[in-house]
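Just one chain is shown here, as structure tokens, and it is the form predicted alone.
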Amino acid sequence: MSPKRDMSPKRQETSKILTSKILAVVVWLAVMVVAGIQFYQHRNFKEPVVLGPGVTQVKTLGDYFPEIKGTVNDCNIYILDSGQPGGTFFVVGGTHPEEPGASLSALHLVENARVTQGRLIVAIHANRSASTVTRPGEAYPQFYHIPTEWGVRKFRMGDRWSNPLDSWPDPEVYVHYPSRQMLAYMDVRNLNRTWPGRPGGLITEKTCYALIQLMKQEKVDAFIDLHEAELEYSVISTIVAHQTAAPVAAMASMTLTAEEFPIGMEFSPASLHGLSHREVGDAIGVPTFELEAPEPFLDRVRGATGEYLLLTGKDEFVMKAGEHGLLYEKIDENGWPIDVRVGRHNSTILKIAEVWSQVNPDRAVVIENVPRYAEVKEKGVGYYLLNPAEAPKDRVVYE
């Protein structure tokens, strides 16, 4: 038998290239599998919510518009009914799930509030689809964690727009209904650009339509839409009000600035369509307030985009931008922590309800047992979150 001949240099080179390609494919498949598992876990993660002492009923958005029933945006609707005559407030968080202070403030209402006159209706994740996706290209964390007295509560981080998996394809240009105003293509998935919605639209438009049906059927007297904003954005640390809500917003702004923290008030632009503070008032006459708290995590000049920045609001790059006069809100080494942002929202909601009730005593909404700005700032957001493990099973639901 002749001895085995060595491979030629050309064959050796070909073998090395083939081996490299196989290894590259294996690595690529491994990365895809790991990423796929992480995306699946994030999309299907269930956030527990403990029904506080004031919650009298839990419905879903699909109860008001059947086209939403059973879809990703069939979010929970929490009703806190005092049993006493009065008005009805509707508060939503999660319009933009990349703004966690909004959802956490709504959660504080559900787990703590007691209503002694009128009714309070709350949605924690108004655009649930947007909470099932983040921005991997910008290194958004998939989850964030809030320490409590008894452990840690874990929450999904989200995006500004509904998940493309739930709404595809985007149009070349988004034409808002019914104004016909042309907006950016991806804003067809933006819950704060699709009001008042339409029943035959894409999922985000249907969601806005369903929220409008809720307000009609529940005879809502006032609507509060919770948000956070980058410091580079001029609409920040303010209450944006439809003209029907302006008197209450102005008084709430002045009182809060004198008693708790500075907050402005702005009129909703009449010619900018799709936003809650314009369309809800125009469509069904419900006075609407949009609250904006500072969130440095959203700034384009930020540094590392991680959970630390999300929760502490501390960033040297945003501070440097402030030194050069590029921001519309101040920032220092203390940043804008999640406790401050949630506390601002809580106090603003309560103050709007107080002023509203003074101006409209026959439609008063009296809310108690919700921590205000100073309390949340001192004790932290987690101090006011309940332990799902200790709650009765029939008092725990999932988002």
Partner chain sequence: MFIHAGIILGVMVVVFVAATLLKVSIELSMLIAAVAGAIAHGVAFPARHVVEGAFTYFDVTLIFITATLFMNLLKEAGGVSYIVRAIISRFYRNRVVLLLLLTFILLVPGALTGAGSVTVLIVGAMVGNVLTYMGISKDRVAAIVFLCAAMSAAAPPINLWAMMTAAGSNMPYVGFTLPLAVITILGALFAMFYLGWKGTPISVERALAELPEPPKGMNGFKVAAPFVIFLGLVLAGRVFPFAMPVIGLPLAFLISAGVTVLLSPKRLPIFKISCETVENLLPLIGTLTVVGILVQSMALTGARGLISLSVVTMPILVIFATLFLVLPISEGVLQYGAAPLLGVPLIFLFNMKGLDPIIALAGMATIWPLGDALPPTTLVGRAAVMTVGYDGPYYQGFLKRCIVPALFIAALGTVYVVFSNALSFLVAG
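This structure is a prediction, so every number in the text was calculated from the model and none was measured. Rigid core: the largest C-alpha set superposing within 1.5 Å between the two forms. Positions refer to the first chain, counted from 1.
The same protein also has a form predicted together with its partner chain, omitted here; what follows describes it.
Within 4.5 Å, heavy atoms only, which of 359, 32, 58, 374 is in contact with its partner chain in the model of the complex?
None of the other options qualify; the answer is 32.
Considering 254, 139, 272, 152, which brings a non-hydrogen atom within 4.5 Å of its partner chain in the model of the complex?
It is 139.
Among the candidate stretches 309-317, 235-243, 215-223, 263-271, which one is within 4.5 Å of its partner chain in the model of the complex when only heavy atoms are counted?
That would be 309-317.
Looking in the model of the complex, is its partner chain within 4.5 Å of a heavy atom from each of 39, 134 and 202?
All three within 4.5 Å in the model of the complex.
According to a 4.5 angstroms non-hydrogen atom cut-off, is residue 305 in contact with its partner chain in the model of the complex?
Although its partner chain is absent here, residue 305 would touch it in the model of the complex, with heavy atoms inside 4.5 Å.
In the model of the complex, is there a heavy atom of its partner chain that lies within 4.5 Å of any heavy atom of residue 114, even though the partner is absent here?
Result no; residue 114 lies far from its partner chain in the model of the complex.
Since only the chain is shown here, I'm wondering whether residue 177 would be in contact with its partner chain in the model of the complex (any heavy atom pair within 4.5 Å).
Looking in the model of the complex, residue contacts with its partner chain include residue 177, since a heavy atom lies within 4.5 Å.
May I ask you to check whether residue 186 falls inside a 4.5 Å heavy atom distance of its partner chain in the model of the complex?
Residue 186: contacts its partner chain in the model of the complex.
Partner contacts in the model of the complex for 240-260 (non-hydrogen atom within 4.5 angstroms of its partner chain)
Nothing in this stretch is in contact.
Superposing on the rigid core, does the Cα of residue 379 end up 2 Å or more away between the shown form and the other one?
No, because once the rigid core is superposed, the C-alpha of residue 379 moves less than 2 Å between the shown form and the other one.
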